[in-house]
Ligand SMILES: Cc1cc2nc3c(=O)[nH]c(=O)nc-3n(C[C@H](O)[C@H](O)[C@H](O)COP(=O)(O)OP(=O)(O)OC[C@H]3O[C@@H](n4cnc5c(N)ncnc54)[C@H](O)[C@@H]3O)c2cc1C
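A lone chain, given as structure tokens: the form predicted alone.
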């Protein structure tokens, strides 16, 4: 088949690789002028590692990443006191279980190279806005892609179907009349990555109620991805204060970040990112299917976005190969994935306010109950399965 992919990100390159490796003709359209490494750190969980293993990329990625044995969060009490909030170790679930702290750009470069080597073609400066059916009356099922007005009018021929992997802000949802729910969270984050003397084998987080959340994620080669959470509406107010004063306060709040933050001099060295929740009732039409964040974006608090996107890619590609029919592949994919995707979306939506929100009561409840949950073997096991990305539903 001849297949179009909108979005040359993690999910887009992964699904293009699997389909091209199976012998399909794949063309990936990317809105940016240059496909290059961007973004901050991410957690590649065992579920995502399994996909990279099948692509033959896991060992190369591990060599450029940081192996993480677990995660821990501490909460601030008073001026200079901290107490443990929660700690989870992957080996409590399986002896050789771990996550990888990865720079998004490192993962992207490996996936892009594999995608191109498999035979996929990448077209940049091409933002797909809609699709049109060709000879719809004849019922041949072919489509053409239409681009935003700033793209040169260049014909790319007909496609059997299109995969929308263009992120949480996908324009295709509206043009395809997909029934969707999109919520923008009140809270956001500043991200930065750089060398850091504090190197842990865990994701490290510091919280103060539900108003302040800081994270340090080691990503290999002595580098760490830094995360500062705050209310999105206060972005202009925050970046309007003296950077040196904010840095001093941030280091006092999380001393482990001192060597990293000392290397930054201004706000322009940080990336501002908002959180968005997107859910689709049915993620496909007669000729378009939505994968990754375009179909099920969440806040980053469970660290599952990239892992779910990678799983989408391999699961859908296998359905196409097995059924050799786009509508049937969509239905089978949706049936097999809906419980897992619903679980992670609902759980992330439920838990996010307990870490970033205006509700002080939620912070108190979290501080009281969360430290005790991992002490219960059954609960600890389910928490770890969720963290690893291997839960397939609330009761599966």
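As the structure is a computational prediction, the values presented were derived from the model and not from experiment. Residue numbers count along the first chain shown, from 1.
The following text describes the form predicted in complex with this ligand, which does not appear among the structures shown.
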Non-hydrogen atom within 4.5 angstroms of this ligand in the model of the complex for each of 7, 127 and 292: yes
Residues in which of 245-253, 177-185, 259-267, 304-312 have heavy atoms within 4.5 Å of this ligand in the model of the complex? 304-312
Among the candidates 220, 283, 300, 229, the residue which, in the model of the complex, approaches this ligand to within 4.5 Å (heavy atoms): 300
Partner-contacting position among 110, 116, 171, 323 - heavy atom within 4.5 Å of this ligand in the model of the complex: 171
Please run the contact check for residue 215 against this ligand in the model of the complex: heavy atoms, 4.5 angstroms, yes or no? no
Close approach of residue 66 to this ligand in the model of the complex, 4.5 Å, heavy atom: no
Find out whether any non-hydrogen atom of residue 275 is located within 4.5 angstroms of this ligand in the model of the complex, and reply yes or no. yes
Determine whether any heavy atom of residue 344 comes within 4.5 Å of a heavy atom of this ligand in the model of the complex, and answer yes or no. no
Taking this ligand in the model of the complex, which residues of 1-35 have any heavy atom within 4.5 Å of it? 6, 7, 8, 9, 10, 11, 12, 29, 30, 31, 32
